[in-house]
Every structure is written in C-alpha cells, then in structure tokens.
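Given as structure tokens, the chain that follows is alone and in the form predicted alone.
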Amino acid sequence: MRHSLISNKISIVLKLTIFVLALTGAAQMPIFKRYYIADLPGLGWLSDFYLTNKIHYIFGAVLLFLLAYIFTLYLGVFSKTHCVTVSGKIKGLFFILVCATGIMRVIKNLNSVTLDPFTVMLIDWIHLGFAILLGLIAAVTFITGKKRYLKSLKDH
C-alpha cells in the first residue's frame, strides 16, 4: 500500500525547489556560459553568478523549511503507524549532508568569515559531491521503483 507523507501540492513545491537548487547550483560553476547555454534566449541569467547565488540561497531556505515541515509531520502524525524505508533513510541522510554542507557554504561566504583556500575548496567539493550522490541515489531508487520513503507498520 502506497503512503504519502505530504500532499501533492507540497510534493510539487519540493520537486520545483530541488530543480531550481540543482539548476542554480550548477550555475555556480561557469558551465552555462562556457557551453553557450546562457546564449540561448531567456537563459542569459544563468551566467550571472551573483543572481544565481541569491536564488540558490532563497530556495535553500525554502528547502530547509520544507524538510523541517516534513520531519515535524512525520514525528507528529506518521511515526506511530509508519516506518522509514531503507531508501528513505539513505536519501534523508544525504538531504541532511547536502543541507549541512550548504549551510557551511553560506557561512564561509559571510564577509566576517575568513577561511584558507583549501578549506573553502574542501567545503565546496564536499557539498557538490553530496548533491551529486543524492541525485544519483534518487535516480536509482526512482528507476528501481524503491522511491517510497515510508511503509506502514501493518505491512510487516
């Protein structure tokens, strides 16, 4: 039996948020200008680092809010009747890792924070690596049909 923790509207907002974060995260690297994607009509904004950085921050805050909402909903409503699947635990762990390293990136970009270049590079690469792994895990669980986050305790 399929169980949905969140409504379809929240699911659409979450998927849109993740798409915008992936797009603006990729735009932090100069790939859109390098491969002339930003030259396509309507996509020139993808080559503006500062604009895509601000959009990434805004949607990062939206993602943190949505994840807090979903976690609170699970603890308050579903935790007594449902358990988190293995793929749900893995994806949840990588969401936490991506968010934690994203927060570290925000902190390192503050004017009052100065870090050595190696630490800056390390934070950036770890965030990028976790984001790529999360995307790969999500794709594999989607393809294999193990995309559910919850299952009923009655199904055991």
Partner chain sequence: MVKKNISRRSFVKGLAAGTASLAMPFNDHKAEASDTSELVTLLDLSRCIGCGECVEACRTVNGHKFPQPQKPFPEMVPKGRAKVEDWSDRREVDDRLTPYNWLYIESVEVEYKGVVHEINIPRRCLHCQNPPCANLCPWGAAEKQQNGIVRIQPDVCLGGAKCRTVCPWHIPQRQTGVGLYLRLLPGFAGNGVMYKCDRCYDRIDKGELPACIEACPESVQKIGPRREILNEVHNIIHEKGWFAYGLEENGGTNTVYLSPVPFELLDAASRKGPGLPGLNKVDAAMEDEENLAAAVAIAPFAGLVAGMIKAGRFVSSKLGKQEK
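Quick caveat, the model's predicted, so the values are computed rather than measured. Positions refer to the first chain, counted from 1.
One more form of this protein exists, namely the form predicted together with its partner chain; it is left out here, but the text below deals with it.
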query	finding
4.5 Å heavy atom contact, C83 and its partner chain in the predicted bound form	no
Close approach of K89 to its partner chain in the predicted bound form, 4.5 Å, heavy atom	no
Partner proximity in the predicted bound form: Y57 to its partner chain, non-hydrogen atom cutoff 4.5 Å	yes
Partner contact for L128 in the predicted bound form: its partner chain, 4.5 angstroms, heavy atom	yes
In the predicted bound form, residues of 43 to 66 near its partner chain [heavy atom within 4.5 Å]	F49, Y50, N53, K54, Y57, I58, A61, L64, F65
